[in-house]
Structure formats: C-alpha cells, structure tokens
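This document starts with one chain, in the form predicted alone, laid out as structure tokens.
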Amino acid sequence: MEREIIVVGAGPSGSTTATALAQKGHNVLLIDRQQFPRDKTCGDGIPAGAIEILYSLGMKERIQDAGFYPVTRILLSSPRGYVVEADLKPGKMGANSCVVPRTEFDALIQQYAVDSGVEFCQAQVKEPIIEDNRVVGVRATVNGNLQEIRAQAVVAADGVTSVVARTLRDDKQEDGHRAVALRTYITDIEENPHQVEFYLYHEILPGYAWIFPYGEGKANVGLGMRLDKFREIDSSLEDLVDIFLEMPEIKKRIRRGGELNDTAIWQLNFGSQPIKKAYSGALLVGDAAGLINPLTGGGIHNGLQSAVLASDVIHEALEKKDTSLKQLAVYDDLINENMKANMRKSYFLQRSLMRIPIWADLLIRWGGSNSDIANIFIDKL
C-alpha cells in the first residue's frame, strides 16, 4: 500500500497538517489509533490565535456554529494572593479564545480534514519504515493485521509519546524539560463567567493551577508542574488539587461539596529542550515535536502553527520531488524563527520562579498586566 503523504496522529496538529496538504492538492492518509470523537486530556483552553489558524483554512463557519464557550477575561494570582485581571483581545479575524472539551474540538477538526479530501484510517502505528537513513512509510496494525504503508513523506503528529519521534530521535526528553499535569471537571462551582483563572502557589511553582469555565457552574480544573520538581515532593497530583480546592478563596465558591469527575493525568514535553524536528522523509509537529510553552504548558497554538509550516515545507519538497533532509531542514529554521524567542523567555521566567518564588509576587504586584509573566499568560490566550 502506498500514499503520497502519511500523517500519524489525528489530533489538532495532525488533522490541520492533513487539511492544509489536502487543500494544496495532495493525497493524504491520516492515521490514528482511535476513532473520533475521543477524549484528550487537556485544560481545554483554546487561544484565539489557534482559532484563527483554523479560520484561515476555511473553518470559521463551522467553529461559529459549534458554539464554543468564549473567554474574554483572564485572572492571574500570585502565591501571596496578588491578582492581575485583564481583558483578552480578539484576534485579527475576530476570534475569541474559548474553552471547549477536546472531545468536541478535536472531532471537529478531524472531520473537517476528512471533508477536505483526507483519507482517515484507524490503525496502530508501530514504527516508521527507514531505508538508507530515510523514512519511507510506517508499519501499522490495521484491523488486526500488520501492514506496511509507504509514502513520499511522513508527518509525526502522534503526541508526547510519539512512536515515530521515539524511533528517529537519538536523545531523550529530560525531566527538567517536561511537566506532569492533572485535569478534572467540576459541575458545582461558582464560575467567573467567560474568565479563565491561573493560580501560582508555592507547592507547585513553577507550575500553576487553573479554573477554566465552560458553562454555568461548570469548569475544567487542574494543575501542572515541572516533572523533576514533582518527583521531589511527597504528594500526589490529586493531593495538590485538593489543597488548591481547599484554599479559602476557592472553597467558598464550591457548592454541594465539589464533586469531581473524569480526572486524568498526562505528561508534556516543553519546547525548552532543543530537538530536531526535520528528518529525511519526515517532519515532527505539535506535541511530538516538543512545542509546549515552558511556562504556561500551552501547546495548541504552537501545534497548529507547526502544522501550517510543515504543510508548506512538504508541499514545496514534493513540488521539487525532493524530501531529503537537506530540503526539509528549512522546517527547523521556520520553527525557530516563529517560536524560539518566546520559548526562551518563558523558560527563563520558569527557571526564575523556581529559584526565587517571590518573583511571582513582585512581578504581579508591581508589574500588573504589563509584567513579563502576565504578558506570557495573556499571550497564551
């Protein structure tokens, strides 16, 4: 079996890459181990910039019809309780940031890829096929049978645990450049309508806890922290969430005891550890490329941006009939050009907050919404 392009992973980054390539006239096979809709553990916050990338691919009407819960305000609280609140500006095309369960968000993008002419296949990719140091396809279990599916180009969009990236990379993500997070849902909280909330507190610095509302009395609640820091403490993520929900300013907003459901834990790879994203015959996008912001843990906007960049690079390579590393390496340059400065700044602040926790209080108290830390969280949305 042979295709022009294989995209492994049908989450937002993979489906967006597939859509962009199909719209350029390419034959694309999109593979995922699950059928859609399916859940994806996440904070469910979608920044306006990510929405506008989807608008640029023709999804504006579908997204507006979906009725995602818009967020127009942000609250950022320091360890000592100093608070910054600010308005979130819509994007240039009028999109608001929003909160939407990934079950809905991912399914919408995946279906749009199919409607754009992408072929979808539910299969478990086992490994890339490598011949003469070049990726020429994947081996995947389809309907219980192991098959070889060959292609001129392969895109790895299969997340943090990417089997494609794991085979191609010759290094491992260090714990200091990774995070662990917990997400849960609460349906009896007094939400601040259309406002997302971030809480920096000592037990989890340089991480944070969040409350992202998605309807009346309903919110995605969770926290994340750097993995090496988490390994040093004698508490579970569940314990840390309980501590957060018992804080007086939070506890007073919870009605009927605060029942939690659909709790899940996942890991993230920060973009602060440089990794190769271009290989002969293959590119990495989204979480598989380690493009998560080291301070905020946000990855969707960077993931969608990487998808568009990857589609442009692959399109040009196929036009030239050359998918060698020399031709595809421009993708690494484009990622650095578009994301490296923000990643460096976020990583510097993350490290500073870990070494000198009082900086969070000082920046928020005296800098307000103009401080570097506030700007990075505002830019996230």
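A residue's number is simply how far along the shown sequence it sits, counting from 1. These numbers come from a predicted model, not from an experiment.
Keep in mind the form predicted in complex with a small molecule is missing from the figure; the text below concerns it.
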| query | finding |
| --- | --- |
| Partner-contacting position among Ala86, Leu205, Ala107, Val163 - heavy atom within 4.5 Å of the small molecule in the predicted complex | Val163 |
| Contact residue in the predicted complex, from Val71, Val135, Ile211, Val125 (heavy atom within 4.5 Å of the small molecule) | Val125 |
| Interface membership of Trp266, the small molecule in the predicted complex, 4.5 Å heavy atom rule | yes |
| 4.5 Å heavy atom contact, Gly159 and the small molecule in the predicted complex | yes |
| The small molecule contact at Ala10 in the predicted complex, heavy atom, 4.5 Å | yes |
| Contact test in the predicted complex: His26 vs the small molecule, heavy atoms, 4.5 Å | no |
| Output flag, Gly14, Phe36 and Gly298 jointly within 4.5 Å of the small molecule in the predicted complex, heavy atom basis | yes |
| Per-stretch contact check against the small molecule in the predicted complex, the hit in 344-352, 57-65, 309-317, 28-36 (non-hydrogen atom, 4.5 angstroms) | 28-36 |
